[in-house]
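Here we start with a single chain on its own, the form predicted alone, put down as structure tokens.
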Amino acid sequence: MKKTSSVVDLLLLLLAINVLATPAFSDLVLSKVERRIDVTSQIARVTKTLKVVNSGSESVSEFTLTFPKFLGNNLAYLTVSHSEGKGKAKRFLANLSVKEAHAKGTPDSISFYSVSLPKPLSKGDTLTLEVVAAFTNVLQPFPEKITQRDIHLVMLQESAQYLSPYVVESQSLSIKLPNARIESYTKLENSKVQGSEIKYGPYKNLAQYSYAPIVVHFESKAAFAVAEKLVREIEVSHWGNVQVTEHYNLVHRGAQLKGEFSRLEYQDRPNPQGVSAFRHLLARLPPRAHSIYYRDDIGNISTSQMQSDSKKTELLIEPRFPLFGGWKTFFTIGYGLPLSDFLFASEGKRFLDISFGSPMIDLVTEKLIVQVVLPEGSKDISVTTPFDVKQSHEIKYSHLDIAGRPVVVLEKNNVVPDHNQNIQVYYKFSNINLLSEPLMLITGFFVLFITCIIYTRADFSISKSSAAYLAKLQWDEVLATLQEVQNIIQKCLAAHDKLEASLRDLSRTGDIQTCKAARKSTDSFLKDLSKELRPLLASLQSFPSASQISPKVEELVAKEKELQEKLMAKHTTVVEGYEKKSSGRDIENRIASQQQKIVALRQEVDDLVEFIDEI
């Protein structure tokens, strides 16, 4: 407890210095103060009943609330209301205006708030104020790191006496704890423990800025679940639905886990370990919520349960793993709501009346962003909130949008369940805009069907009597003729190769008769092919479109004819040489010039064939 003691001593010293320099605010006196602090969750909720008496001679229209700075810095929610009666007969008349005050000469270690009274308080008059405040981050884990087997202990720092700029005639304090397991607490005069509750007081005749520091060290099994960032998207559709999507970045802000996590020990029975972790989160949704889903980056999470009745819908969700101190998780929940339950009309405008905060029980949100997506065509947009928020406007584009949908963006930091109050978003919207998307779909399908009808019924072919169609037919005939000419030339070249092969056989076997027979057969075959070429050449010459191609074809035929003659001459020379029994070298010398000419002609023929083939 050395750390705790040093913190308290320092705080006491600062307050003592400030008290000496702080002037009185007015002649108000607090005749009775009842303070109740509830720390059963991670949020410290403070309720105060203040009976105010004006003991001065002048009327007073403002009342000052004070908090130690370390509490004021963590103040998330504060309301002050005027009440009458006692017990069950107590009536809360109205919430009063509260604003932070920065008066000159006030110490920095105290936070001041000014409350506007419903009417000036005259001399001798009394007034009862009900103060409700919620603080975050005031329950500090101690120790800060624990093992999986350890219990979760937290520490609360407060004052047994009410810190106020006014004289307090009588004051009492009660602190409600989660359970009766109390490690330690500051014992003062008139302090006692009753089960899970610690009581201090009553204390009489307290001077201005009285302060008696206390520290309570106790066990807390509450889920210290904190949303570092929560984005709520509320999309309004005038076709009957309000779609809500919530994206959570969640962290456990309790004592951090020390050492390794053991799943076996965590699930051990009958003595399960890991009591500092939380396994479930409870969300209370509106009663007619539907189409509920719960998923993360991996996909849908099936470990959730839902119960619904006429008053509420409860969704119990379980993360994929238990969350220990310092661990984080990211997930999304979504659900639909009936439009008729949340959209209303007033003074020519429509307004959406829906809750602002998260539906999660006892969740603290460090940064909350609420995006209200209105239908396309909405205008004259205004927002009413029961507390201050940062507002901005955006445009969101979705399916079938043209100008985009207006988006109202509301941002607030340090949000607690007390902020889960209804906000109103007012806007004007014409019912004619409801027809825009159906008309776009109808028009799109109409154009598609008309296009299909025209495509299936119209004839897009070229007319058979047109010049372009006749030219195309003629060109097709030219290409067919060229293909036939090319085939005949290939057959001629194959016959040439066969004639050359007969000469090679002659040099190997010396069979002159077989070589002559091959010559005779090839000569007859080439004459037949020559007859087939004549009508094809005449046909090409008759086509105007083939005027540039015909000379090349005629050149090809002429070159092939010349090649054929040179081969025949070579063949005759070789056969005669064998008949005269000339030597091989002598025969080669005699046909050398012929062979060179044959090679050159064959190359020219191949080039012309390739040219025609490209056509």
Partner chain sequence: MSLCEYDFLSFLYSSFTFVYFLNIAFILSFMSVRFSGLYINLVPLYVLVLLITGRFVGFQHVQSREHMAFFLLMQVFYFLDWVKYQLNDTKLFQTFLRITVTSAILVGAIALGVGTASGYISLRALPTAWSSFMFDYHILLFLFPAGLYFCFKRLSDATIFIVMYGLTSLYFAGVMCHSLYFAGVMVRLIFVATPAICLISAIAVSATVKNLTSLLRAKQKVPQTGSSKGPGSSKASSKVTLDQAQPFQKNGAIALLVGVFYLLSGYAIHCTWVTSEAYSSPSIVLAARGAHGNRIIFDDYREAYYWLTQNTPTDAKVMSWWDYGYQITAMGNRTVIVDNNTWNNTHIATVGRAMYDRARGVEIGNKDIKLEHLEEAYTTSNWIVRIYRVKPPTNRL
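By rigid core we mean the largest C-alpha set that fits within 1.5 Å across both forms. As the structure is a computational prediction, the values presented were derived from the model and not from experiment. Residue numbers count along the first chain shown, from 1.
From this point on, the text means the form predicted in complex with the partner chain, which you will not see here.
Exactly one of the stretches 329-337, 129-137, 198-206, 160-168 approaches the partner chain in the predicted complex with heavy atoms within 4.5 Å, and it is 329-337.
In the predicted complex, no residue of the candidate spot (Lys51, Gly85 and Ser114) has a heavy atom lying within 4.5 Å of the partner chain. Contact check for Pro141: no non-hydrogen atom falls within 4.5 Å of the partner chain in the predicted complex. At a distance threshold of 4.5 angstroms between non-hydrogen atoms, Ser262 is in contact with the partner chain in the predicted complex. Although the partner is absent here, Gly124 lies well away from the partner chain in the predicted complex, with no heavy atom inside 4.5 Å. With a 4.5 Å cutoff on heavy atoms, Leu28 does not count as touching the partner chain in the predicted complex; it lies far away.
Checking Ser507, Ser304, Asn433, Gln424 against the partner chain in the predicted complex, a heavy atom within 4.5 Å turns up for just one residue: Ser507. This chain lacks the partner; the member of Ala180, Leu473, Ile395, Ile298 within 4.5 angstroms of the partner chain in the predicted complex by a non-hydrogen atom is Ile298. Scanning 578-604 for heavy atoms within 4.5 Å of the partner chain in the predicted complex gives Tyr578, Ser582, Ser583, Gly584, Ile587, Glu588, Ile591 in sequence order. Remark: with the core as the superposition reference, the CA shift of Lys498 between the shown form and the other one reaches 2 Å or more. After superposition on the rigid core, the Cα of Arg508 moves by 2 Å or more between the shown form and the other one. Once the rigid core is overlaid between the shown form and the other one, Ile489 counts among the residues whose Cα shifts by 2 Å or more.
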